[in-house]
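Quick setup: one chain, the form predicted alone, written in structure tokens, and binding and motion questions come after.
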Amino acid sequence: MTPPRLTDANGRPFPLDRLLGSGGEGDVYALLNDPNRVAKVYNDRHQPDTQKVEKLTALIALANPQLLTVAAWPTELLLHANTRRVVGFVMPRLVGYQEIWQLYNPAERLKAFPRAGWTFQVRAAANLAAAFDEVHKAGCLVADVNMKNAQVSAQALVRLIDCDSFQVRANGKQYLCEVGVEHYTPPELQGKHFRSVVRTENHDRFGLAVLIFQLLFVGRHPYQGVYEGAGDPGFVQLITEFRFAQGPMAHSWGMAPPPHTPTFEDIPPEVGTLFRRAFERGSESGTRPRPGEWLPVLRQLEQSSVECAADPGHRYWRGAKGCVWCRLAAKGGPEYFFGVAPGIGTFTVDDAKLQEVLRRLATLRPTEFRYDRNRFAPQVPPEPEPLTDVLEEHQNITLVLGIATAFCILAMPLGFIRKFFFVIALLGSIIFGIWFWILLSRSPRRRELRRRRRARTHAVQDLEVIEGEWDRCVHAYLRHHAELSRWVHRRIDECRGLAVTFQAELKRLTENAEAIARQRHLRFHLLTDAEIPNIGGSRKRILASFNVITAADVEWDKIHQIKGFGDALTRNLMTWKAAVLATFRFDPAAAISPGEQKATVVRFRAQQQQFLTELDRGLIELESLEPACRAKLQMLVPDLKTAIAALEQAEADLRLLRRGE
């Protein structure tokens, strides 16, 4: 429809530009030559009455720079050019903002905020609290807190809209908010008519706490859990009865956290305490946390988050027992922060480093360590051990007896001349021969000869032991060197093979991407959130006991075997699953999320780094073999010199004694 001609309060024309959007109360238009503001013009059914005009006037009077940075706050009245009736107002223009439920709802977040991780939601929660704080400082209440009147930008900035419905106190009068949404209405106001209800800050704090809870707990409502008591209470009844589904006391009123959802163990205790103050019985007495109380704990929570080693898109409170999101996905839950991590390129083998390894290896050829006995022999030949006087005297006697025996034997042929000479020569040879043999067999010289021979034998044996140790040390060094060199070459080949394995892994991920994406889509749809004919809370609890929690778990045979679930109920569940599948759209460009790609690249880079680290350790060990072997051989040198000197001494001693034989 064509908008009426408008003026400002001073009668100056106020030209409108194109229509930006329409709502239940009116339309929003852009302004000519003013890109930072818009005009809201009420439709015929919601023309403001006197009280509404007074309320708008009061809001405009309260406007200040702080409010204008956190809310689409009315700044100027718009009048019909002919009737001079107030028909609308001017407010700041919001560009690039989405309704807050599109951030905390996991399925919507993938579309509206594909790069928003959990800490982004924590930051948005802090900014939401800051916005409520400014509204309360101005003496106003949001009143109709809900998932649509708070909007979030790509920078996690929060702006409140529909400010003309806020509850305002001005000039001694209360301008009430006549509407509300059950899920954000505190227990003590459930079922009441808001036209006559004067709300308090404590009521506003409940709605704020619900939105913060939904941002931190992946869209779950604080009273949305597993009811373990008798009967089948509706959701509003759970709120009315303060059945908060989290915290240490939840079991006492028959509640447990919903499946595939973080718990109080995954958030700091101080955050949990604020939630308990907001949602447990007794909070209606005015003890719910003020917006300003949320700010420091939420900012500290964002600062104390850590990055998951398996998926850089996962961030969680450092005090949790490991990555919350990996844990939930491993147990069959949704991959809540799928695709959050930006890609980091691809994996390639660092061949330059491998070439450097080969260059280092080429410089580490084995040392021969040739053994030469002469290197360790004494420079001056040893002096033989001199013979004793007894040995000299015995040697002389033995020599004389030997000569005498030989002379007698040689004289025996004279017996052909005279028989007497033969007898004398025979007797002499016998006597001198026996004497000579006795001297030889029992002589000190023979004993000394045996001693010196034994000394030489022992010297040879001692030297052979040490030389054998030398050979073993060298052979062990050469064997170890060869084994390590072969190991380095094998490791280099394995490292180069990572490139082929990486491509195969990417191919596998791509081939399975559509099936994985379909399962992911099904897991984002939980039974607890679904409206399925004849499937109420009690039946959902029965299904949950059989691990049927998401659309991915719904299978005909599995459901049909559960007692009480016949063809009709099973068909209802399958129809719901089919409806969920009908909304699935496969995007090949996003087949593999940046998080999955990054996790794969990180894993292969880590494997390569492990190979390079092992190769470096191997080369260091290889470099240490030669000096270690040299040190061991050097330790043998003193014993080796001693043994060689002992052998040469024994041989010299033996040669001296043999010269007399």
Partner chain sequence: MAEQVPFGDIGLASNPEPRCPCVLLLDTSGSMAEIVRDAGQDLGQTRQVDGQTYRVVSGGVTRIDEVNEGLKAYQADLNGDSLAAQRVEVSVITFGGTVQTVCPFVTAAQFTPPTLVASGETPMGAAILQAIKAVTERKKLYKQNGLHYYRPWIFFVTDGAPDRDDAWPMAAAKVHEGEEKKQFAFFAVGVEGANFDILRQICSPKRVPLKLKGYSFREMFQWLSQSQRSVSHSNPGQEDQVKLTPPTGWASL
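Nothing here was measured: the structure is a model prediction, and the numbers come from that model. By rigid core we mean the largest C-alpha set that fits within 1.5 Å across both forms. Numbering follows the first chain given and starts at 1.
One more form of this protein, predicted in complex with its partner chain, exists but is not displayed; see below.
Peer 1: Which one of these stretches, 467-475, 356-364, 370-378, 255-263, sits within 4.5 Å of its partner chain in the predicted complex when only heavy atoms are counted?
Peer 2: Selected stretch: 255-263.
Peer 1: Heavy atom within 4.5 Å of its partner chain in the predicted complex: which of D232, D350, E555, E284?
Peer 2: Spelling it out, the residue with a heavy atom inside the cut-off is D232.
Peer 1: Scan F524, W118, W325, Y104 and let me know which has any heavy atom within 4.5 Å of its partner chain in the predicted complex.
Peer 2: Spelling it out, the residue with a heavy atom inside the cut-off is Y104.
Peer 1: Is Q47 close enough to touch its partner chain in the predicted complex, meaning at least one heavy atom pair within 4.5 Å?
Peer 2: No, Q47 is distant from the partner.
Peer 1: Is R84 close enough to touch its partner chain in the predicted complex, meaning at least one heavy atom pair within 4.5 Å?
Peer 2: So R84 does not count as contacting its partner chain.
Peer 1: Does the 4.5 Å heavy atom contact test between P187 and its partner chain in the predicted complex come out positive?
Peer 2: No, no contact at 4.5 Å.
Peer 1: I'd like to know if P334 sits close to its partner chain in the predicted complex, meaning any non-hydrogen atom pair within 4.5 angstroms.
Peer 2: P334 belongs to the contact set for its partner chain.
Peer 1: Within 210-238, which residues have a heavy atom closer than or equal to 4.5 Å from its partner chain in the predicted complex?
Peer 2: Residues within 4.5 Å: V218, G219, R220, H221, Y223, Q224, G225, V226, D232, F235, V236, L238.
Peer 1: A30: after superposing the rigid core, is there a C-alpha shift of 2 Å or more between this form and the one not shown?
Peer 2: Not so; A30 is displaced by less than 2 Å.
Peer 1: Does L498 move appreciably between this form and the one not shown, meaning a CA displacement of 2 Å or more on the superposed rigid core?
Peer 2: Yes: L498 shifts by at least 2 Å between this form and the one not shown.
Peer 1: With a threshold of 2 Å on the C-alpha, tell me if S252 counts as moved between this form and the one not shown once the core is superposed.
Peer 2: No, because once the rigid core is superposed, the C-alpha of S252 moves less than 2 Å between this form and the one not shown.
Peer 1: With a change of at least 3 Å, which way does the C-alpha separation between G333 and A606 go in the predicted complex: closer or farther?
Peer 2: Relative to the displayed form, G333 and A606 draw closer in the predicted complex - a change of at least 3 Å between their C-alphas.
Peer 1: So the Cα-Cα distance between H560 and G333 shifts by 3 Å or more in the predicted complex; is it shorter or longer than what we see here?
Peer 2: Note: Cα gap between H560 and G333 widens in the predicted complex.
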